[in-house]
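Presented as structure tokens, the chain that follows is alone, the form predicted alone.
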Amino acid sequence: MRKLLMTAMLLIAMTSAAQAETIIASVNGLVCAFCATSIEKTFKKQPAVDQVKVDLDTKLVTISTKDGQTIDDKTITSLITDAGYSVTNIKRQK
């Protein structure tokens, strides 16, 4: 019984540790569909990225990572800055 309980606890811990993450970056300079496509292509090249969505109205870039993977704020800022835009805020959600 003890082994079963320990196995169940281990599986629960592993499952919660391997969740995907949603990262929302506020970006200045996004004004057209070309801007959105450029940012999307940039992030889709990253191995940890599952999906990326750019909302031009709200100037938000929403990045969904693959299970158990993440991208640090420095990398996100660098990718967006190198594309010609500036980051004003980064939020993370599980």
Partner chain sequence: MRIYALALLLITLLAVAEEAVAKPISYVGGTMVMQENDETGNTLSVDYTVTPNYAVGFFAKQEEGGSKNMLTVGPQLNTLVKRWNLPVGQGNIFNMTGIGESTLDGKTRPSAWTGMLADYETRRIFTSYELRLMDAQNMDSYVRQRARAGVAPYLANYDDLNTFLMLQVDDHPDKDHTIVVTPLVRFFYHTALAEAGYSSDHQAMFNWILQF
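Residue numbers count along the first chain shown, from 1. Not measured: the values here are computed from a predicted model.
The next section is about a form of this same protein that is not shown, the form predicted together with its partner chain.
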Answer key, its partner chain contact in the predicted bound form at 4.5 Å (heavy atoms) among I24, A83, A20, I76: the residue is A83
Is V54 close enough to its partner chain in the predicted bound form to count, meaning some heavy atom within 4.5 Å?
yes
Can you tell me if Q46 lies within 4.5 angstroms of its partner chain in the predicted bound form, counting non-hydrogen atoms only?
no
Q69: heavy atom within 4.5 Å of its partner chain in the predicted bound form?
no
Contact flag, D50 vs its partner chain in the predicted bound form, heavy atom cut 4.5 Å
no
Since the partner is left out here, which residues of 27 to 41 would have a heavy atom within 4.5 Å of its partner chain in the predicted bound form?
N28, G29, V31, C32, A33, F34, C35, A36, T37, S38, E40, K41
